[in-house]
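Two separate entries follow, structure 1 and structure 2, each one form of the same protein chain as structure tokens.
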Structure 1
């Protein structure tokens, strides 16, 4: 490629030698997975009304959870905080010191593997394992020290309804987690009990969604940041609403101008299947998932599902009498559910060779399948269609929040494996935003756009710590809305001793 040139987000490829049966299938798939401009606009408009509905007393399918994170940091936050991130693959523990210098911090962190069995184990095993990791962290980094209670921001990236910031009733597991006895209950008491059992000097200050952490961490360094998004194993967004626009909080008589971060939980958008162009493959994904009927939007977009959609299409084509693909080959590996991840699709889309030789090798090594050139062309096209659909649908969510709030110019902080690693995701999203919002021809390239989606700061580390800091500051100022027990939140912490932060 010449210096300065950019790869286009889709490949022309040569379809000249592709036999008619495969070409017909390619056209059919293109039809199924393409979301044209008008559809994007229709989805966005419906999304805007669903965001509003989620804030009402009756509610809708998007939970729109108030998080009790009530404001942005101003850079003058100080103190030492722990942050815990319970991700799908790792558990990360950080100690973050927000220093006297405005907007600066020091961080130390350790990662622990999250054993796969935990995801479908028991609640006791989960909380016990997490508490063990925190204990190890404290013992390793603070051996033989007399510690005050350390305030903790716990990033729990699942839908939780919060009456207080240190409270969270799990609405439902997402992203393949299925631990019995947790849904419908406050996750904080069993977590705190596991810490107390081990005598770990930690006080949970804030239960944080990863999107809220992302929003706050990003706004810490960029005041134009208005939305925090995760495009990873799951997908979701958070933004700052004003309390006056949250009818379901009206009974609390909060000052209507007070800010309140809303964890949208937009993965649940269109659970009633009114507007999203679902394919038969999306329907299978849903049916076979641990929570059918939930997370309709997420299941078309998030990293956990992209590889599975791709696998289901290929298997269906193999079984389809109308076309010949992987003929007379052993498809046992391809038949295994969830055997392909989004990284597999990324690798296909990144194959730089005209003859798609890397894709050929990938199929041979991973699936034991030898592909012909026309099959490779179909495979590449399919990956492109699935990846592009995910990026374009994601843009509908971002555009909907901006439309709801009347924001025409702002930054959006995004994190997650799909955003950071999936080829062309950003530019495909920007192109879709342009189509939805009717930007001029020179916009929508992903740079200097009116609404620009940028890589976020560390939400589950610095973001969670900042939210803990903001919470303690609020308690000290006597602003106790959404704090379960202000006295006990401060008890034993350094903040209580000093009286100030």
Structure 2
């Protein structure tokens, strides 16, 4: 092999010296975790019907939330907009200037730490802190300027139902937040009150989910983008539906040809356990999770769970009478739930050495376990099986949206740690799309495919600002569906003076 060249993903390894008991287990795991073509197609077909069901009045497991973002940018949007991204660890504030150059933008941004104590404090403390950060940002970047009201896109990536784009009722806290008196209420009025109290010249224009932001930001720079996805700690997708295909909005008498971005919240797919090929390990994860019976799809493909599936399998093998693994060693570190993350599996899959020395060191340093060469071969194989299954199941969701919409050629913008950092995730997903959609033999390589999953643009920053821009543009055109108070949304902004954008 030439110096400096990296080994190809298909490291063969040597099973010749693997004892029969471990070889039997490898074969058993291969059967458990492999998702064949027929199964992929069956899952995808069920996914299509579940997506449609989520849009009906009765609804289904997948919420299919209308976002009131009604259209893609055309690249000609201009103006200055703020974006606020409230994540689990940081607050990010961006100022985005959409320039005269089509599809171009300038961005300045600042990050503020989200103090842990705020996550379990009071609602007033939370909104006050966020308003303080915004005030600090404006004072730093616009000292002594006379400012119009700046339109803000607020990326609020917690499950929320929206009857209007400028409002959102928090369904439940996630990401470690547990602040009383916020769930079941509209989060916008207290946030706006905190801004008003401090005299911050900001007008909340759109409450945005990060996945919808990913879709819109990606479409701004690439007109072939039709779907936005997150494959990270959690998983989700958003796409543009036409209002005529959303029976649960029929009472609003919207023009059936109008577009509407749908935030699928597809982690809940197959909560009824009809098609997903769950292993005994998946069943344990679900039973011991804070919300058993929910997020069935997410628990098989999201970064939060991949390391845990891996850990449960290894612990089970160690306790299994039929095979010998980590014999006479202390497995107390391996016994700690959620102690391994997707990054741990990534490191195993990226080990370039024939003798898997990096994996050997990883187990020794992190878990105090000394692995034999055959054990390392099993470990590598198990990581590959879990990572491959996640990528292949993820592809079922993408294929389902494309089948539902009749799209045979498009780009999909994906973000999240698993998509960006997990080795071979993209190629494995492309191979699965090829099997589901019956592409020709020379396709499915992850490049120049009919449906290609590409790295997304910044959804929670640029995407949120663009959605604020699109919303103001709609108000100016008198298209007020899903906007609670069009008049006050424009009041004091530069857009109100110009009359057009």
Ligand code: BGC
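For the two forms, the rigid core is made up of the largest set of C-alpha atoms that agree within 1.5 Å on superposition. Positions refer to the first chain, counted from 1. Just so you know, these numbers come straight off a predicted model, no measurement behind them.
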Item to check | Assignment: the form predicted in complex with ligand BGC | outcome: 1
Checklist entry - Quick one: once the rigid core is lined up, does residue 363 have its C-alpha move by 2 Å or more between structure 1 and structure 2? => result no
Checklist entry - Would you say residue 263 moves its Cα by 2 Å or more between structure 1 and structure 2, aligning on the core? => result no
Item to check | Domain reorientation between structure 1 and structure 2, expressed as the smaller rigid part's turn in degrees | outcome: 13
Checklist entry - If the rigid core is lined up, how many Å does the C-alpha atom of residue 203 shift between structure 1 and structure 2? => result 3.7
Item to check | Per-residue C-alpha deviation between structure 1 and structure 2 [residue 119; rigid core superposition; Å] | outcome: 6.2
